[in-house]
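Encoded as structure tokens, the following chain is the form predicted alone, with no partner shown.
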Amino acid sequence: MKIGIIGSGNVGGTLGKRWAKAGNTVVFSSRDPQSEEMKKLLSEAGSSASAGSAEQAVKSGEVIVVATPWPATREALQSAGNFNGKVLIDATNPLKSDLSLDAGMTTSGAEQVAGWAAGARVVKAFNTVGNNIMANPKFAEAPASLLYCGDDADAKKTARELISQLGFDAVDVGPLSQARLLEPFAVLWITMAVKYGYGREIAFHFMKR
């Protein structure tokens, strides 16, 4: 699969490296593709990865992942070119500096992303765990569950395949409006990890009987 990454920091970098090593073709976007940070990322990702502008990442990718800091997301998407028909996985969280959300229960960051990337088939995913869990979702008891949502069935099928490639238990939680719940759920993980003593090596597993 051809994957373009917008936002090549901790989350985008971790996801892109793992998908590249799994045999996908990955283009990381960067304002400076020749930077030392990008050279290091590419050396870790291997020969299936390259770097370019955001427009090049979007143009080359069948699937686009946006993993930018929230304040930069709108500009990054609106300057990245034509998303028409592409699967766009939104891994952002609309967080303020105090870890509260910049979107309430009547809308979500993901729904705003869908408006900024006109024509994209948006799936919300990879926002409810840290990049350390993305690097290794395996626990002794079970793999970490990765919750995702979206309105396009084929786009969700593609996202599920990429989620499963990384070793997660992929759980479809419904339409894109469910991001109104997934984004607060992300705040639960973040605050448990960094404020309330649990540390970052934590994850949730969905069980059913």
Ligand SMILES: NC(=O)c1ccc[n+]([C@@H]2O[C@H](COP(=O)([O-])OP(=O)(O)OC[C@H]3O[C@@H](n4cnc5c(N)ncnc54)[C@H](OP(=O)(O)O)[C@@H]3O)[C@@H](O)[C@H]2O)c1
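Not measured: the values here are computed from a predicted model. Start at 1 and count along the sequence shown; that's the residue number.
What comes next is about the form predicted together with this ligand, which does not appear here.
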*Within 4.5 Å of this ligand in the predicted bound form, do we find a heavy atom from each of Arg31, Ala67 and Ala76?*
yes
*asked:* Against this ligand in the predicted bound form, would Ala20 count as a contact residue? Criterion: heavy atoms within 4.5 Å.
replied: no
*If you check in the predicted bound form, is Gly130 within 4.5 Å of this ligand, heavy atoms only?*
yes
_Whether Ala91 contacts this ligand in the predicted bound form should be assessed with a 4.5 Å heavy atom distance threshold; does it?_
yes
*Partner proximity in the predicted bound form: Asn10 to this ligand, non-hydrogen atom cutoff 4.5 Å*: yes
